[in-house]
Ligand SMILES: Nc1nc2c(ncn2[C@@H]2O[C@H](COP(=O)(O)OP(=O)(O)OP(=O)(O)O)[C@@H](O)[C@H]2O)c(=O)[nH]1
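We begin with a single chain expressed as structure tokens, specifically the form predicted alone.
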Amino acid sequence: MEIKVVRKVLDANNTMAAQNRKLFAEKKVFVLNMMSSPGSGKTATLERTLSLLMPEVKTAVIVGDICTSNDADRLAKSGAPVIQINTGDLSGGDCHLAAHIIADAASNLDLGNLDLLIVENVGNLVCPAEFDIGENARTVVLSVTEGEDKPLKYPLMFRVCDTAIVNKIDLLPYLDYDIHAAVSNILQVHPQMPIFQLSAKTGHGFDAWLNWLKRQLLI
């Protein structure tokens, strides 16, 4: 019976995700789902991404956290429309954003005036990978302050994502971190996956990341 309940939850989510995807396609909005463990630097990466994209690319952000609006407050300084979702208020602290939550949040955005919608998912390398939200692409962020074996320990996340970001590379001189092993482990799980080595602090590597993102908007 427990398996049936889980299946019903995923089926209902997938139905809603398909509706989201249809709406976003009609409005010609590209949706990027960014996922990672807590502390990877997703928000800092998005801060610099927004500063370099806007106003050329009209962008909005949906931010998922269990509590606080700290990340949304930071991103709102860019001038982009930002919607905060606190899952602790919705269902006791869900570790992911589901499709119906994205639908509710998107209803508060002027989708007809957007090119790009970025979803900063709840910090977690497990649950978010399992829930389709109607996005066009998924990116996973891995920082050099985490273990090189994260892709092997959480393979589903890296398998379902379209790109990977290895973040905080400005810290490499101060850490015992084998970035070549990290990249190799990512490719072991997801061969030929585009991988961007970035520093949200210095801006290193952002040209390649933004070029990839802009190419997606033309598809």
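These numbers were taken from a predicted model, which means no experiment stands behind them. A residue's number is simply how far along the shown sequence it sits, counting from 1.
From this point on, the text means the form predicted in complex with the ligand, which you will not see here.
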Report task. Spell out, yes or no, whether the shortest heavy atom distance between residue 36 and the ligand in the predicted complex is within 4.5 Å. Result -> yes
Query - Partner contact for residue 175 in the predicted complex: the ligand, 4.5 angstroms, heavy atom - result: no
Query raised in the report: Using 4.5 Å between non-hydrogen atoms, is residue 162 touching the ligand in the predicted complex?
Result: no
Query raised in the report: Should residue 201 be counted as a contact of the ligand in the predicted complex, where contact means heavy atoms within 4.5 Å?
Result: yes
Requested in this report: Heavy atoms, 4.5 Å, the ligand in the predicted complex: which of 176 to 184, 23 to 31, 151 to 159, 42 to 50 makes the cut? Say which one.
Outcome: 42 to 50
Query raised in the report: For the spot marked by 58, 112 and 135, is every residue within 4.5 Å of the ligand in the predicted complex through some heavy atom?
Result: no
Query raised in the report: Quick one: which residues from 103 to 126 get a non-hydrogen atom within 4.5 Å of the ligand in the predicted complex?
Result: 120, 123
